[in-house]
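Coming up is one lone chain in structure tokens, specifically the form predicted on its own.
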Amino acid sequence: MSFYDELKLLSREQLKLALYSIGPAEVERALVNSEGDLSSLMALLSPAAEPYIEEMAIRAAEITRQRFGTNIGMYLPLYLSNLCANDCDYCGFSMSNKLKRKFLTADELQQEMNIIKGQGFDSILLVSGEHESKVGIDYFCSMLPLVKKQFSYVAMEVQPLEEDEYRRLVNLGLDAVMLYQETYNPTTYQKHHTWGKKQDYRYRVESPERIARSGVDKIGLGVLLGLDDWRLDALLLGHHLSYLERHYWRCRYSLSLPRLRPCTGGISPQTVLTDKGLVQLICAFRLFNQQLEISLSTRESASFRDNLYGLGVTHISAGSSTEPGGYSNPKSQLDQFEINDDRSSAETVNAMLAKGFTPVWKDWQSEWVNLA
């Protein structure tokens, strides 16, 4: 039974009623026994947990310090393309938006990598819009070896692929795949995805299972906070994570919790997640899963990011560009969304060091797996 099949057995109405009916006693029990327990995750995500956020933050900081120390992994997105064959009303790359389109040539990719390597990054996230004919598996297979020569850890955030296609990329050195469901509400999902293959809700829900079977090291999950009820979407994200860990325990997992940001032709959030709410969300997942990596992008402001490092966040980007070729030729109006922390990577690291945290530029060497 796939997670899609399990998801169909869950009543959204009953889950929502339970989520919003939780009382203080259930939250207090969840604070004591939270690891791996979906009922506890529900309690910690509920409105009833809001008066306990400080207590949650203290506990989350303790767990994070025990498991990850003061280390914060550094990565940077490299946008390969802004071509897209989908219409999604929250995304600047949506096909109906009138903006210049491009995908990087090998020479342009090399220019971007030279700049990123020059800043010290050794972990990179390759990103593209979803356009199978021009930026599909053959393009990825041609570019990935070039990237793997220069970066120890390579992740991709592109359109969902077939299992054999993921396996081809893993054989070329792919380490991780980030693939976000956007929302687990199928009605809301259809409302925001009006054209293209991304309309297929089931295919997207089942994609992490194909990724896991391909042998990739790490899978990144997430929802776009603001498309639907963030508490319920986060709870179902927890169900999805729990399912994957039970069935594909060889993989590592990470979580991204992006809030909807302004973009060309984009929409306003349906439900607003406040800073306080995002803190509750991060702490709830840290208490639920102590091993989970949690990423925080430059969608969030500099001051807010600086105050979240100790609460559960383990990986950040810094000095990001969200447009293809944006490190070589910035401000070309090809970007996916507006970033909210425009500090350079050096400025971000200095702020991190001042708070006692340690930036980790490299934590993996692929040759290590063959030493035995």
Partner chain sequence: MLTLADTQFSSRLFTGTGKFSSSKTMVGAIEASGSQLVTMAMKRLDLKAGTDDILAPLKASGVKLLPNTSGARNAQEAVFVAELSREVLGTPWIKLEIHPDPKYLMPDPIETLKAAKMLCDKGFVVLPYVHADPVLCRHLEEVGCAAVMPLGSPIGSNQGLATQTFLKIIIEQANIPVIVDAGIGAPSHAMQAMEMGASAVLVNTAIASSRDPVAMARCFKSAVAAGRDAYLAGLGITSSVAQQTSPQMPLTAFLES
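Numbering follows the first chain given and starts at 1. All of these numbers come straight from a predicted model, not from anything done at the bench.
Keep in mind that the form predicted together with the partner chain is missing from the display, and what follows is about it.
In plain terms, the part of the chain that comes close to the partner chain in the model of the complex, with a heavy atom within 4.5 Å, is 308 to 316 out of 322 to 330, 308 to 316, 38 to 46, 343 to 351. Three-residue candidate spot Asp122, Glu165 and Glu293; no residue lies within 4.5 angstroms of the partner chain in the model of the complex by any non-hydrogen atom. Exactly one listed residue, out of Lys117, Lys197, Lys276, Lys100, brings a non-hydrogen atom to within 4.5 Å of the partner chain in the model of the complex: Lys276.
The closest non-hydrogen atom of Arg67 lies beyond 4.5 Å of the partner chain in the model of the complex. Heavy atoms of Ala61 reach within 4.5 Å of the partner chain in the model of the complex, making it an interface residue. Proximity of Asp89 to the partner chain in the model of the complex: non-hydrogen atoms within 4.5 Å are absent; the residue sits far from the partner. Put simply, Trp249 is close to the partner chain in the model of the complex: some heavy atom of it is within 4.5 Å.
Shown here without the partner chain, the chain has Glu28, Arg29, Leu31, Val32 in 6 to 38 lying with a heavy atom within 4.5 Å of that partner in the model of the complex.
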